[in-house]
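Heads up, the chain below is alone and in the form predicted on its own; it's given as structure tokens.
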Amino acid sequence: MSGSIWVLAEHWRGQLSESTYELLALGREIADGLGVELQAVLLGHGAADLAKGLGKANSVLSVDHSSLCEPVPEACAAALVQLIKERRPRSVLVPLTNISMGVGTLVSTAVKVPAANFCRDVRVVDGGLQATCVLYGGKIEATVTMGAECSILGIWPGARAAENGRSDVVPPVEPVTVSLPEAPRVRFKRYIEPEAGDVDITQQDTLVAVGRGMQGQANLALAEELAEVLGGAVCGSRPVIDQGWLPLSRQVGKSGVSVKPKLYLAAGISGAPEHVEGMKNAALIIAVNTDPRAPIFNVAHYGILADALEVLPALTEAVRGKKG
């Protein structure tokens, strides 16, 4: 349908991603606000059954092609470009994850339509779309107003609750065809995954997460002691893993793993969106940082404006005293 809102249905190893449901929830709000339909676009090969989980949309456009068997951005973008030129939707919502990152930019360039990335919110204002975008790791927030023409919006994870995008309704599915090269320039080769470590941080109820604010690998002992008395484990942000302080299996964030512990204590972590993506669903988030403007405080339930090297030992002693 011309003028409808589209959501790119992201899937990974046979399952729809949480970001897909988040975008469906957001897309439903936008479509209802504009008085148009919401359509999900499902690109893949042998993945048509996943359309059953897209019931929040009014309908699903399903593309099946061998070049779409893996989430290669160039192939996905080429398919979307053809669909957009044929049907001209009002706006296309694309997840900004390590699976779909780059798709929206390629599409907007090819179709020559405006695009806004790093959107944490999109609302209908005076019949138009207004996107709130975060830049420079969350240090700058920009408001972008899109025109009435077709636009591409890259949405950060967490824009809406995934549960609000789920539905038991099975939507109608329209199979559509596209023309794609059988041998694209960019090909998927293999998955590279971290080896299984001694601790599965996705199964921990308590996590003490460390960042560059810990100042050195030797200071990780402070986090290990606190994690031990709390009955949890230590994890870290990407800079910590890149410096070899912790193994890749302990990395939380977009390029690591997503965790949902009962307690997440972030020590010396600034809170860039890439990290927040992996821990935003923790039941209780406590942040310790010396920078009062650190983005981590925006998602934390409690914040401690202090040096983590001083706070962690104090917390460890307090917990020990409480237990004793």
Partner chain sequence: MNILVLLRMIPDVVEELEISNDGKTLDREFLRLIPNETDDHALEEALLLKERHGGKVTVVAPDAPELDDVLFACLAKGADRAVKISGVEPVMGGRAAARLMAQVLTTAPGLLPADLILTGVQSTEDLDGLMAPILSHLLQLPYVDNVTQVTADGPGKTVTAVKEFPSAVRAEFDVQLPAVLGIQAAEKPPRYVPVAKVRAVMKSQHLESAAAPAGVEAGQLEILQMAKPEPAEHAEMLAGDPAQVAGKICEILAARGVL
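Numbering follows the first chain given and starts at 1. Whichever C-alpha set is largest while still superposing within 1.5 Å between the two forms counts as the rigid core. Just so it is clear, the model here is predicted, and its values are computed rather than measured.
There is another form of this protein, the form predicted together with its partner chain, and it is not shown here; the text below is about that form.
- Just one listed stretch, out of 87 to 95, 104 to 112, 157 to 165, 173 to 181, contacts its partner chain in the predicted complex at the 4.5 Å heavy atom level, and that stretch is 104 to 112.
- Contact check for residue 116: a non-hydrogen atom falls within 4.5 Å of its partner chain in the predicted complex.
- Its partner chain is not drawn, but in the predicted complex it has a heavy atom within 4.5 Å of residue 206.
- The closest non-hydrogen atom of residue 256 lies within 4.5 Å of its partner chain in the predicted complex.
- In the predicted complex, its partner chain stays beyond 4.5 Å of every heavy atom belonging to residue 218.
- 242 is the sole member of 228, 242, 121, 200 with a non-hydrogen atom within 4.5 Å of its partner chain in the predicted complex.
- After superposing the rigid core, the Cα of residue 130 is displaced by less than 2 Å between this form and the one not shown.
- Annotation: Cα of residue 315 displaced by at least 2 Å between this form and the one not shown, core superposition.
- Taking 2 Å as the criterion, residue 217 counts as shifted between this form and the one not shown: its C-alpha moves by at least this amount when the rigid core is aligned.
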